[in-house]
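Only one chain comes next, encoded as structure tokens, the form predicted alone.
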């Protein structure tokens, strides 16, 4: 049986090796610029993660802005909080596409807020821009993919952008610096539990 002192020494050696590896990676990462983050997948939490990043940005005293596609007709707790902290919101305000069932109206609404998004993506005073649920706009053809990519690539060097939504187009994930895929293991809604204010929205 290995005594406690030996176990402690082995643990210390493992942690020291881990620290050395992490320190090497930190030392190697010296490029300073904004990043493009894509949060996609079928699981819950993509928008939540995006808004968490906005809150982090504002908490450090930087400016952030948000464009919300699709979910604009719901009361939004994040918007209620962050607008009070000076975050600009531009909201498509048509609700879910399966509710409107009007492609022409949805396309016009998407194009309208996209103009605001392009303005934000050209604004060097914005440290972070969240384009919430934009992947659907590309999938449905409401926004031109080439135009979206051009605007992302032309943004100020220090500006970071978060894109959220299911089924992110391959070309968006290819140009992204960070891509996270959220996958569902369980969801309360599948068990008949109603979406909860202050938790789900």
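Residue numbers count along the first chain shown, from 1. Take the two forms, find the largest set of C-alpha atoms that superpose within 1.5 Å, and that set is the rigid core. As the structure is a computational prediction, the values presented were derived from the model and not from experiment.
There is another form of the same protein, the form predicted together with a further copy of the same chain; it is not shown, and what comes next is about it.
The closest non-hydrogen atom of residue 154 lies beyond 4.5 Å of a further copy of the same chain in the predicted complex. Contact check for residue 8: a non-hydrogen atom falls within 4.5 Å of a further copy of the same chain in the predicted complex. Although the partner is absent here, residue 80 lies within 4.5 Å of a further copy of the same chain in the predicted complex, judged by heavy atoms. Contact between residue 127 and a further copy of the same chain in the predicted complex is found at the 4.5 Å heavy atom cutoff. Along 26 to 51, these residues reach a heavy atom to within 4.5 Å of a further copy of the same chain in the predicted complex: 26, 28, 29, 30, 31, 32, 33, 34, 35, 37, 39, 43, 44, 45, 48, 49, 51. Taking 2 Å as the criterion, residue 10 counts as shifted between this form and the one not shown: its C-alpha moves by at least this amount when the rigid core is aligned.
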